[in-house]
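So this first bit is one chain, no partners, the form predicted on its own, shown in structure tokens.
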């Protein structure tokens, strides 16, 4: 990696001040834990002249009761999220997803907001400057060709955050602050199916918090991912499941995926299994609809067909495990 370039650093005290600073300088970027951003800067992928350090904004570092649910500040560290008593007890998939991110040192710096806004990743993008230049760069950065799909003009870089699918199965919403004011949107609406521009944030907007409703009564949840190494690595495929069951029949089933598309996604069609016996036939059908909706491309060293099979197997295993508790 290259040395860090020179840049101007601001450290605002409020989210509103941060958004104003961002609006005043088109070259600026928000900086929280920096575990992904700083790597991209040193690789020459990002070249901000100004960084806006969010670590002094106290309002985004708290987890607080919000009605029957919780409000999680975007600046909450992943290390704190995965051991928070209410998260572990009421939203176990979220605690498990946070605990699975990278290694302990990364989690002590990385934030939940940063994990939700993580840049998409690809084998041809997340490389050193000289490597990318020797390959004429790529469609996502400075180039004209997507090396994953050379015949098209679309980027297939994969979203690889762990926490988003775990939040999605609980119906999470996110609070955003920008020059135009505040707004709250469902978490899935934060993303679009575009590897180059996967976030729907308006210009200069900042994610400040996540709102979690009360978990469904009697619900169980879990998150699991596949990766090359048992730590550090981003997911090759990840799956979060939430379900409630009664007498061997499902009364609710939510499944969300990560790393198999340019966006974290809710699996469609899970309502079809509600009220039916959860036998081997149903489990196989759940596996198959997950595989059908996962669209991994050659963005890692692992073949797409393998990641598709793995994410289906993860969904089947988690549903079976939770239903048998």
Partner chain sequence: MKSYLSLQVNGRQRDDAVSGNLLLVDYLREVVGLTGTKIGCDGGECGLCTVLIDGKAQHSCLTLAATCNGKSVETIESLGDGGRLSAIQRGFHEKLGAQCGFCTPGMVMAAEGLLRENPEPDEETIRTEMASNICRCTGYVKIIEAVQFAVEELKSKKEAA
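Since the model is a prediction, treat every value here as computed from it, not as a measurement. Residue numbers count along the first chain shown, from 1.
Beyond the structure shown, there is the form predicted together with its partner chain, which is absent from this document and is the topic of what follows.
S.K.: Only one of 213, 103, 218, 186 gets a heavy atom within 4.5 Å of its partner chain in the predicted bound form. Which one?
M.R.: Looking at the other structure, the residue within range turns out to be 103.
S.K.: Can you work out which of 49, 279, 26, 53 has a heavy atom no more than 4.5 Å from its partner chain in the predicted bound form?
M.R.: Residue within 4.5 Å of the partner: 53.
S.K.: Among the candidate stretches 28 to 36, 256 to 264, 270 to 278, 64 to 72, which one is within 4.5 Å of its partner chain in the predicted bound form when only heavy atoms are counted?
M.R.: Selected range: 28 to 36.
S.K.: How about residue 43: is it within 4.5 Å of its partner chain in the predicted bound form, going by heavy atoms?
M.R.: Output for residue 43 is yes: heavy atoms within 4.5 Å of its partner chain.
S.K.: Tell me, yes or no, whether residue 108 is in contact with its partner chain in the predicted bound form, where a contact means a heavy atom of each within 4.5 Å.
M.R.: Yes, residue 108 sits close enough to its partner chain in the predicted bound form that at least one of its heavy atoms falls within 4.5 Å.
S.K.: Using the partner position in the predicted bound form, report whether residue 11 sits within 4.5 Å of its partner chain, counting heavy atoms only.
M.R.: Residue 11: yes, in contact with its partner chain in the predicted bound form.
S.K.: Does residue 325 reach its partner chain in the predicted bound form if we count a contact as any heavy atom within 4.5 Å?
M.R.: Residue 325: no contact with its partner chain in the predicted bound form.
S.K.: Just give me the residues of 194 to 229, first to last, that have a heavy atom within 4.5 Å of its partner chain in the predicted bound form.
M.R.: Only a single residue, 229, comes within 4.5 Å of the partner.
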